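Below you'll find only one chain, the form predicted on its own, shown as structure tokens.
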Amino acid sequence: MSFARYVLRRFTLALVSLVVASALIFAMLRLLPGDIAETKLGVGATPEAVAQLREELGLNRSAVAQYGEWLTNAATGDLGKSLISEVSVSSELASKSQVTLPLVLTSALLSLILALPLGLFAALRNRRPDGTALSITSQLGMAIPSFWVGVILITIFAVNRELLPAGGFPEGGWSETPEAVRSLILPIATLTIAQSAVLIRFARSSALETLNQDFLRTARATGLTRIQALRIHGLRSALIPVVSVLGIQVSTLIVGAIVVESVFALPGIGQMLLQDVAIRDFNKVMGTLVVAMGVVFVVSFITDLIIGLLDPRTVKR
């Protein structure tokens, strides 16, 4: 199979998966208890008023008709309007992403920058005091919940030393760049610590497995040191599992961002999603979840492409 066909197959799979995921999300949202019409009108609303509002919102139509209309509009980039504020879902997501996007992307980048060299170091120093200490530290990092890490960082740097804000985001957004950066330092550190611990373990395990391969032993027999043999002949092989896990980690960062945004009171997509679920604003919840799933599938698609470049055997399957 050519690389172009491999790319097309993966892209088609990602696209079909997104459509199926959107249908499942739509169906599950309709199973949630509560009614947006009752929420919008209040507890004192008459049944007639509720029925009229449901008709105006199109909620009295069949689920298939509602989903078909939503999917048609979404294909053109229209995610609809909020059932409460009547503001465009796309504009709301764009506004909230100025917090969530830098948080997720920076955390993922820092996690990779920290985890890859530390994981390789732990593998090369396997069964030595410093390598063992690093492995134990990463294991502890995996066991500690991210929200607890956030609370500890707030206590140390915001409460005790008053170096950084404990939460919130400037009202002016990135127009107040220094304050915006300061408000994201602790949330980014929280996510980075949690994600780095996982990546270090996988990078170490992958490097150890590669070091024990026959072709690495042959390379070392030519006079190369372990680190030279790994860098020249085994790095590509060692990177494949790390890239796979990194793709999954970036996806889980979206879920982790919801927790971290709650801990640090950040007005991001995660906080908005929790509020919209509570008030049953199905249009915004649907749009937010589908965009999040779209990001997950895009990351998975890019991960597959990178793995295909690192391991040509994957393309030929």
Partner chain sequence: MIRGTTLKIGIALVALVFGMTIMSFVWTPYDPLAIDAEQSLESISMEHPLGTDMLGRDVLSNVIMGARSTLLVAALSVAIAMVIGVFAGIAGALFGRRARSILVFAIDIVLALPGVLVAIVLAAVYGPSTVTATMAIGVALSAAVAQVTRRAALTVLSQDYVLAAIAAGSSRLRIVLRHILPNLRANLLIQASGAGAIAILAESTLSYLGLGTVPPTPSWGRMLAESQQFLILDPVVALWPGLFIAIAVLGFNLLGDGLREALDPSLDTELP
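Residue numbers count along the first chain shown, from 1. As the structure is a computational prediction, the values presented were derived from the model and not from experiment.
Although not depicted, the form predicted together with its partner chain is the subject of the following passage.
Q: Okay, which stretch from 109-117, 154-162, 174-182, 81-89 lines its partner chain in the model of the complex, with non-hydrogen atoms inside 4.5 Å?
A: Among the listed stretches, the partner-contacting one is 154-162.
Q: Report whether the minimum heavy atom distance between Pro145 and its partner chain in the model of the complex is within 4.5 Å.
A: Yes - in the model of the complex, heavy atoms of Pro145 and its partner chain come within 4.5 Å of each other.
Q: Is there a heavy atom of Leu53 no more than 4.5 Å from a heavy atom of its partner chain in the model of the complex?
A: Flag for Leu53 set to no.
Q: How about Thr222 - does it come within 4.5 Å of its partner chain in the model of the complex, if we only consider non-hydrogen atoms?
A: Contact check for Thr222: no, nothing within 4.5 Å of its partner chain in the model of the complex.
Q: Would Gln66 sit within 4.5 Å of its partner chain in the model of the complex, counting heavy atoms only?
A: No.
Q: Of these, Ala197, Ile188, Leu211, Val245, which has a heavy atom no more than 4.5 Å from its partner chain in the model of the complex?
A: Only one listed residue qualifies here, and that residue is Leu211.
Q: Its partner chain isn't shown here, but in the model of the complex which of Asn73, Thr132, Gln228, Ser97 has a heavy atom within 4.5 Å of it?
A: Only one listed residue qualifies here, and that residue is Thr132.
Q: Is every one of Ala23, Asn283 and Thr303 in contact with its partner chain in the model of the complex, taking contact as a heavy atom within 4.5 Å?
A: Answer is no for this spot.
Q: Just give me the residues of 273-296, first to last, that have a heavy atom within 4.5 Å of its partner chain in the model of the complex.
A: Stretch hits, in order: Leu273, Leu274, Val277, Arg280, Leu289, Ala292, Met293, Val296.
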